[in-house]
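Have a look below at one chain only, the form predicted on its own, in structure tokens format.
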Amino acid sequence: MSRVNPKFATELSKYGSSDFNACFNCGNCTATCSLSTADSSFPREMIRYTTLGLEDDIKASLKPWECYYCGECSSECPRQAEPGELMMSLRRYLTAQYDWTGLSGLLYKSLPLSITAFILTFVGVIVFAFSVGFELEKMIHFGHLFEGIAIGTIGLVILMPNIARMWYFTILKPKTKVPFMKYLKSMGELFIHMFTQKRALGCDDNQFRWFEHFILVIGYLSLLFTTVALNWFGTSSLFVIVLGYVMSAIVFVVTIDFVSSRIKKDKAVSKHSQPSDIFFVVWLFFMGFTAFLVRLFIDLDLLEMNKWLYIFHLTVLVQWALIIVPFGKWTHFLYRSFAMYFAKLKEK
């Protein structure tokens, strides 16, 4: 039996949502949500759990991750309870619950702490650059080495344990019995959603947004592979160089629309953007843009005279790897993919 936490509403407001108590259970959100079925209520069930403070039920649910924030539920709400933003806030809250370090919750709830973390990583990069005498070759070598080490370490030490905690909350603790073979047979669901995010197509008039996300995921993963595995900044292979240019251009061009939307707040998904949402798209833009410029300056033999450009790129890279990937909005991409996989496991 779940325990009621009367203070849960106050806690969740720190993650963004503060209007859900205006809900008077009219059912409009469920009627308009494309995910709702006779057996599954979106997002009304989560509103009920949140209002009652049923934390165990919320942590056991995958529904916040199955929601792609179409925005129709919020636009049709007669009480402006913003059910779409509630689902977004629950995703932030759940991210903090999965994170064994506790840092995700601290960074989500405290903008000054987030800014401090960004400043400290910048200072660290400057100290490193000073320690190697601002020698460009050494800085580039370190940057390439750092990427590989960061991916492996963060994946093994932070992200994999967090996924295990997510599995515990949603599968093990609710005592869902899943045959071992089903884990194997359902793996395709994980990779399909990880690379295509096809559930987003369930939203009406969302094809362009889905296409943007799809191109961005492919561009980001390809750029990561090009820079880490193919050593884009150090290679002389024309194919790798051109591939890196194309992928980095895709990343920063596509994110321009996301950044613009977050600033204008002209869409339902960006209307209530939190700092973590803005950090994600802005730093992703800088990742692609500065990588493009660094390689261009290498090819034009101008980077030695403009070391500040690589230092800026390295700063963005370090902040992305140490703050945004393990503790910020980037994790939503990972948790959402596993949520679809776990949902498949829970099917009878």
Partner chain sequence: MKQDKNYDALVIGGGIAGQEAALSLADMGHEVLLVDKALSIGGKMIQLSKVFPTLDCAACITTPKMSETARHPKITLALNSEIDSINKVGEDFNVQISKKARYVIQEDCTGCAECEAVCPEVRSDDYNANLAGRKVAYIPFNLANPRIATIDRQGHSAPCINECPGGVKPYGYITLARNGQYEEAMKLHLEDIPFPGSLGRACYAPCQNACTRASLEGAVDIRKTKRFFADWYYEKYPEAPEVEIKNKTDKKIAVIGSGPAGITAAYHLALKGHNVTIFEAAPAAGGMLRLALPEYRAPKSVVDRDLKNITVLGVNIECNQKITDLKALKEQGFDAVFVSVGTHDAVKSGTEGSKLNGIVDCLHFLRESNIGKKEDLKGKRVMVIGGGNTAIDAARTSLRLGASKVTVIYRRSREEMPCFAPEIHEAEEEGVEIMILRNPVKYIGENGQIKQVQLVKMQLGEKDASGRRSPEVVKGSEYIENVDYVIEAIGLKPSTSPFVGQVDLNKNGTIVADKKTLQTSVDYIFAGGDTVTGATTLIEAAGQGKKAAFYMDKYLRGLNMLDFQDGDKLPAVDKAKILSKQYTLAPQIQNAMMPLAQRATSWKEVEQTYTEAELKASTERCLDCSNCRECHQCVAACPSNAIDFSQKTQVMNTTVKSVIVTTGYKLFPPSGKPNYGYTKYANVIDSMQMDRLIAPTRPFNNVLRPGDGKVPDNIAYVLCTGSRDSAIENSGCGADCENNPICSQICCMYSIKQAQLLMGALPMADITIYYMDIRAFGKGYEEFFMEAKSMGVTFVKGKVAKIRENENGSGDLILRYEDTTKGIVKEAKHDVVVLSVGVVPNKDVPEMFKSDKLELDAFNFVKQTDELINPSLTSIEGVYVAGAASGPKDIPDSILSAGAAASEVAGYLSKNKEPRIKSQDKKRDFTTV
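Whichever C-alpha set is largest while still superposing within 1.5 Å between the two forms counts as the rigid core. These figures come from a predicted structure and were not determined experimentally. Residue numbers count along the first chain shown, from 1.
Keep in mind the form predicted together with the partner chain is missing from the figure; the text below concerns it.
Inset, instruction - Spot the stretch among 307-315, 22-30, 275-283, 290-298 with residues whose non-hydrogen atoms come within 4.5 Å of the partner chain in the predicted bound form. - result: Contact criterion met by 22-30 only.
Legend entry - Exercise: residue 212 in contact with the partner chain in the predicted bound form, heavy atom 4.5 Å: Output for residue 212 is no: heavy atoms all beyond 4.5 Å of the partner chain.
Legend entry - Partner proximity in the predicted bound form: residue 72 to the partner chain, non-hydrogen atom cutoff 4.5 Å: Close contact exists here: in the predicted bound form, residue 72 approaches the partner chain to within 4.5 Å, heavy atoms only.
Inset, instruction - Give a yes/no on whether residue 80 approaches the partner chain to within 4.5 Å in the predicted bound form, heavy atoms considered. - result: Flag for residue 80 set to yes.
Legend entry - Heavy atom of residue 257 within 4.5 Å of the partner chain in the predicted bound form: Result no; residue 257 lies far from the partner chain in the predicted bound form.
Legend entry - Residues within 4.5 Å of the partner chain in the predicted bound form, restricted to 35-67 and counted by heavy atom: Stretch hits, in order: 36, 37, 38, 41, 44.
Legend entry - Displaced residue check between this form and the one not shown: residue 34, CA, 2 Å or over, core reference: No, shifts by less than 2 Å.
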